[in-house]
Ligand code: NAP
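Quick heads-up: it's one chain on its own, the form predicted on its own, in structure tokens.
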Amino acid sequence: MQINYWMPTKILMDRQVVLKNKDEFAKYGMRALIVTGKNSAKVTGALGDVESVLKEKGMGCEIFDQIEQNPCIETIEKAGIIGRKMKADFVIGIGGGSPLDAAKAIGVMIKHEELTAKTLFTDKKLQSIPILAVPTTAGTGSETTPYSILTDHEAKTKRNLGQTVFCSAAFLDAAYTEFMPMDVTVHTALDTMTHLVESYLNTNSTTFSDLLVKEGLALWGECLQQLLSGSYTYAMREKLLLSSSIAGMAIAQTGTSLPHGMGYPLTYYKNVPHGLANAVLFKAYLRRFKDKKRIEEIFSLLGFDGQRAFEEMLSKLVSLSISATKGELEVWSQEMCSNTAKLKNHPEPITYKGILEIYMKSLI
């Protein structure tokens, strides 16, 4: 048995976690670049808490609040230039997966002044200045993964930065997620579920990653009735946040698989939220497996007595109406066939025809 487990992120979880751990911020320097979007960090109070701590500790900061959904590499370059000019010692990402992923890439750009938007994707192994994460959604698990998923408009797709950038510390407070509207809560929760399942049904799965998946799925299953009813509580949001971070820890070891790779065109071309783009493919994705043993284990961990009950749950949570032609699906299938990183993680052989069938059964 060969296992290589590495999870260097310090995880702090509590009510008012930022205010209760002021000294943690001071460990990383005196100048911070805060990376966030336009609204959520302010509305949730997360930005105010971070600014308060930095001010109390006599630390300087600048705020870059131009991170869009599915951030593009041009935005990363713009923030990187600001971070270099202010000589940022570390980056604080506040928000959902987009700001957190962006913060990692920006940290790499600040560390390596020669990088531009055109040279950001490279085979060279690069490091980042320290990154701190304050998530305000519960789905991407970016605070515990080494990944940074960015939009490359020239390639017309989303791409992983390709560097190993773990956050130095993550501050988890479910209160910051209470402002998520119902649809965002559901879509990010679905993202967590797909992370967990794709980690379990993966050529890279190990005893450690499986343990994480099992705990993450059990927590997620405890939230299911409230997700279906729309009666959200703090306790539910706390479980979803923890499940999301655990899922991030799992895919940090295994990577994701087919649904994530196949979902990227739905996000890029059709503006479908990431978690929803993955989940809409899940019925057809799971049906293609010949070996049902681990799939049945997943259903059991979630509290279902079989695939039919699981699919009924998906039908209630997943609602998508888009226009996609067979020609588009054929192009996307061809592109997926060249995505060796995702294909090698899928534990059973699959062809272009199989990928196209998943798209067809899910979208047409």
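We number the residues from 1 along the sequence you see. A quick note: this is a predicted structure, and the numbers were derived from the prediction, not measured.
Keep in mind the form predicted in complex with the named molecule is missing from the figure; the text below concerns it.
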{"item": "Proximity to the named molecule in the model of the complex, single hit among I76, I251, V197, L241 (heavy atom within 4.5 Å)", "value": "I251"}
{"item": "G97, G216, P259, G83 - the one with a heavy atom within 4.5 Å of the named molecule in the model of the complex", "value": "G97"}
{"item": "The named molecule contact at F179 in the model of the complex, heavy atom, 4.5 Å", "value": "yes"}
{"item": "is_contact(I149, the named molecule) in the model of the complex, heavy atom dist at most 4.5 Å", "value": "yes"}
{"item": "The named molecule contact at G263 in the model of the complex, heavy atom, 4.5 Å", "value": "no"}
{"item": "4.5 angstroms heavy atom contact with the named molecule in the model of the complex for H112", "value": "no"}
{"item": "The named molecule in the model of the complex: contacting segment from 217-225, 116-124, 288-296, 133-141, heavy atom within 4.5 Å", "value": "133-141"}
{"item": "Stretch 23-40 - residues with a heavy atom within 4.5 Å of the named molecule in the model of the complex", "value": "G37, K38, N39, S40"}
